[in-house]
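Only one chain is included here, represented as structure tokens and corresponding to the form predicted alone.
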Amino acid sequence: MKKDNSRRSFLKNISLASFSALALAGCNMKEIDEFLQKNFRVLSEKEKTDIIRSLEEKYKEKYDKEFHVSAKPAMEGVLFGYALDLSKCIGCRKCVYACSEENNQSREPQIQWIQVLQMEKEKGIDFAHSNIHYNPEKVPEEGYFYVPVQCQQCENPPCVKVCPVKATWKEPDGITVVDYNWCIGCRYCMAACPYGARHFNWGEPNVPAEEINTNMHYLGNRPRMKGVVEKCTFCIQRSREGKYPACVEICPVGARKFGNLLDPNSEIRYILENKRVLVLKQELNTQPKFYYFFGV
């Protein structure tokens, strides 16, 4: 007989002594409920509503602010795609900081979902000799170009395949998400991701109350915990409301484009059909929905 090694199977068979251990460890009933919560994908609408309400109360108590946490599902007929014009990007990193603010990334220890790599024009795209720590007085520097890297929202995501508890999955609109309540911090997904786009919380994340973004999505920018993995979600709390991701809005040179791949009249489709387009590490067949192109 095939064994069920899922997290749910483990929780169903957990002993009373283990519950006692959780209580002795200082966990209150709400924290125990969160630990025993079902995967977000299988929750009923009522269960989702109850969990969202509980989170809003929890965050209000912690940060003394009113919060809105969404569980809005993917829209029908939408498959999100992203394009970045390498001929325009100037390496200013404004996208990095806008992303951090919008998505409640930890300030200390610092976590950033976008990494901007400086590369030499003579060598072309060369990850082995790229520089993430460039710090000139002005950008862009002559002789260099810049390749921002974040989650590529793969159509064939290796991170999803290796997760032993199914805490990460691809949504119908193409966004790969993480249920932080289910993540066990094994970091298999980080090892599987060829783009280095996943980030682990080694310490308790810290976002000052005066800086926290109170508009959240359960599968996106809600505060994370120590011991879980997080990543770019195309600003799911914005994109599912018909808005651009924060990095697209902040880009001072218009290098970042975002839209619906299923809409033949969208800007993203025009780019794919009319520009020189490439994806990173195409030979791996991850089929990213994050495209790089040369506008000029």
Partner chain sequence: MKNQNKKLSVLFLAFFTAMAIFSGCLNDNKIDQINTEMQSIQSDGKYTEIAVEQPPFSIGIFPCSDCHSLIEPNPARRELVEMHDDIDEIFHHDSENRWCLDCHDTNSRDSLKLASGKLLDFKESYKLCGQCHGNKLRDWKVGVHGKRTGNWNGEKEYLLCVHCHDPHAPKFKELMPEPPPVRQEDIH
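Residue numbers count along the first chain shown, from 1. Since we're looking at a predicted model, the values are computed, not measured.
Below: the form predicted in complex with the partner chain, not depicted.
Between the partner chain and Glu102, Lys166 and Tyr180, in the predicted bound form, does every residue show a non-hydrogen atom at 4.5 Å or closer?
Result no, not one residue of the spot touches the partner chain.
Given the stretches 135-143, 219-227, 205-213, 157-165, which is the single one in contact with the partner chain in the predicted bound form, using a heavy atom cutoff of 4.5 Å?
It is the stretch 135-143.
Is there a heavy atom of Lys281 no more than 4.5 Å from a heavy atom of the partner chain in the predicted bound form?
Answer yes; at least one heavy atom of Lys281 falls within 4.5 Å of the partner chain in the predicted bound form.
Residue-level question: is Glu56 within 4.5 Å of the partner chain in the predicted bound form, judged on heavy atoms?
Glu56: no, not in contact with the partner chain in the predicted bound form.
I'd like to check something about Gly196: if you look in the predicted bound form, is any of its heavy atoms closer than or equal to 4.5 Å to a heavy atom of the partner chain?
Answer yes; at least one heavy atom of Gly196 falls within 4.5 Å of the partner chain in the predicted bound form.
Going by a heavy atom distance of 4.5 Å, is Gly174 a contact of the partner chain in the predicted bound form?
Looking in the predicted bound form, residue contacts with the partner chain do not include Gly174, since no heavy atom lies within 4.5 Å.
I need to confirm a contact call. Of Ala74, Leu117, Ile125, Leu86, which residue comes within 4.5 Å of the partner chain in the predicted bound form, counting heavy atoms only?
It is Leu117.
Looking at the partner chain in the predicted bound form, which residues in 69-99 have at least one heavy atom within 4.5 Å of it?
Contacts from 69-99: Met75, Val78, Phe80, Lys88, Ile90, Gly91, Cys92, Arg93, Lys94, Tyr97.
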